[in-house]
Ligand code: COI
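The chain below stands alone and is given in structure tokens; this is the form predicted alone.
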Amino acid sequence: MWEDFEVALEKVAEDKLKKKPTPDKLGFGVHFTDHMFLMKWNRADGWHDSRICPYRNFNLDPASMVFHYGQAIFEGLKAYRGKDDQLFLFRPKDNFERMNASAVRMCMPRIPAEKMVSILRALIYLEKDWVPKAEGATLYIRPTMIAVEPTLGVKPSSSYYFFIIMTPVGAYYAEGCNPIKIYVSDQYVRAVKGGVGNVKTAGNYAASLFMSEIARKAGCTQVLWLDACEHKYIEEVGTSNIFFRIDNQLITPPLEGSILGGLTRDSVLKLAASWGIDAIEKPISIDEVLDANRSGRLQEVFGTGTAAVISPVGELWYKEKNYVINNGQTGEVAARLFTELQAIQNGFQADPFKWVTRVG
């Protein structure tokens, strides 16, 4: 049925176009492009009424099920302005495939991943002037699906909206690619195995807010979550996966149902392995990490994610005590990954993994 999928185009009038922010006023998720993509789903028609249209508000019934039962999933990816002023996407089909995995877990309809890449390319090309030219700045893309059936009752919705909005952004962290301080939570947990921690659903982020505020008040940028059963094994950071370099071995916790499988995480594993680095997935406890730090075997720690790319960690705050990592400096592997991933994403370096898609 997706072979006949058609997309209408409704453009904003020239005199109604928004003024674009200057490079020093980008922020993150503050300004939004003139156009968005929207399509609807119901049991009778499947996906239909798909259109690139002016960015606008939705008119939703107060009983829309997304407000009451949390059927909401989303993705995050970026468009990059790179070599020869070309625009690039990084692993967009993988983002839409991961969204489909989230949809299945949340009893929501799947989307046509390859068709979505084509639609996204068209949307970005229409909004090409919104892709920032400032170094390190990008156009952040947020595909989202929500349940809109106006019914009270715990069951899967019979109707959904899928939409894509876009926002020009500067660096995700104000600190840039410099070491951050993160708070190790041994009281609250993010997810349990068998739950929905491995899908990108909105409720996971709402559940993290309370602990994130505690971390912020302690002077930390993010929360490092431990497992829900023993409060012992490391899982992930609030907005990224986590890596530890111990005795020249790069270690990240395995995907066992409670951790979101990040595309940057997967890219790091593949890229590091191609350099001859021993990069593995295995359970690692917070005590192992601190013991390695005390003995000088912990060489560096960093997070990985679409928004921040690579986030070196310079300090861990755990049980009211601060632990400095690598003298608070960015590690050599983190720095190399940050540089080379950005070079691939921006088309300045060969892409042996075929991760990059040119917009047009």
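The first residue of the sequence shown is number 1, and the count goes up from there. Just so it is clear, the model here is predicted, and its values are computed rather than measured.
From this point on, the text means the form predicted in complex with the ligand, which you will not see here.
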property	result
In the predicted bound form, segment of 72 to 80, 102 to 110, 243 to 251, 154 to 162 with a heavy atom within 4.5 Å of the ligand	72 to 80
Contact flag, residue 200 vs the ligand in the predicted bound form, heavy atom cut 4.5 Å	yes
Non-hydrogen atom contact residue 306 with the ligand in the predicted bound form at 4.5 angstroms	yes
Contact test in the predicted bound form: residue 188 vs the ligand, heavy atoms, 4.5 Å	no
Partner contact for residue 167 in the predicted bound form: the ligand, 4.5 angstroms, heavy atom	no
Heavy atom within 4.5 Å of the ligand in the predicted bound form - residue from 231, 216, 142, 193	142
267, 258, 239, 221 - the one with a heavy atom within 4.5 Å of the ligand in the predicted bound form	239
